[in-house]
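Taking the form predicted on its own, here's one chain by itself in structure tokens.
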């Protein structure tokens, strides 16, 4: 049980919780968040130093209940779980779609402290939904913003802006998190530029430890084998960007 240190509004319908107690978490890992008496659900660590933090969108009863908790309240945390990001090379590019910036932000901050040079393609639907751009700029990351409607930065998808950025520069590795269809596009771009990729996948999770099978993809478990996968593994996933399991365990199209 961890104590809430602060609860902050980020963008419309998105909040961040920081906890008082320290919990060592590698960027890219996730935790299972338990709101007593309500529900438990997975969340990527959006802050790892000096204290754990999670950033979430208010969608259903569980996150609505979480949003009502105040500093001093206690929340259950299991984890951290899974495989996180690993720094490769000195010139790196992050590609984030929507809340995909949550696990990438602490990784890029850490990479900068280790002497890396980082750029970030940060995608959102509108200017009001751009998340952590100021935080990344403050860390020394060069930020390229894309919005679906063109209200900020490049008009178009994050993958389309990433194509432009990659056309003019060479990077040692690409780190991505966002909708699976975006990840498929980034993987294809990286292949054309012969650049390694590490991508964080998001699938429906119940247990977080590889038992329930709800987060399965081509025989692997996102919670245990991921959520971060290298391109050598991503390219073997025939389901990537095509199908997933819904909460009932039924396979559905993405």
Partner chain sequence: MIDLSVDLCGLKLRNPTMLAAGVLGETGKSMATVARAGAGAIVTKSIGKKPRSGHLNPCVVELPFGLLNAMGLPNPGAEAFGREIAEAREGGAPVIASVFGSTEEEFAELCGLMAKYGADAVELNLSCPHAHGYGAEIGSDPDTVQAICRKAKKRLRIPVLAKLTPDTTSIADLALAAQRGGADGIVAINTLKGMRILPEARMPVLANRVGGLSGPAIRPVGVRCVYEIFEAVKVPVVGVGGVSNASDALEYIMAGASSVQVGTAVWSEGPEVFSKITGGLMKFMAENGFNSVKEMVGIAHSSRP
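Residue numbers count along the first chain shown, from 1. All figures in this text were calculated on a predicted structure; none of them were measured in a lab.
One more form of this protein, predicted in complex with the partner chain, exists but is not displayed; see below.
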| property | result |
| --- | --- |
| Residue 195, heavy atom within 4.5 angstroms of the partner chain in the model of the complex | no |
| Partner proximity in the model of the complex: residue 219 to the partner chain, non-hydrogen atom cutoff 4.5 Å | yes |
| Partner contact for residue 254 in the model of the complex: the partner chain, 4.5 angstroms, heavy atom | no |
| 4.5 Å heavy atom contact, residue 211 to the partner chain in the model of the complex | yes |
| Region of this chain that lies against the partner chain in the model of the complex, out of 49 to 57, 181 to 189, 201 to 209, 23 to 31 [heavy atom, 4.5 Å] | 201 to 209 |
| Members of 219 to 254 lying within 4.5 angstroms of the partner chain, judged by heavy atom, in the model of the complex | 219, 221, 224, 239, 245, 247, 248, 249, 250, 251 |
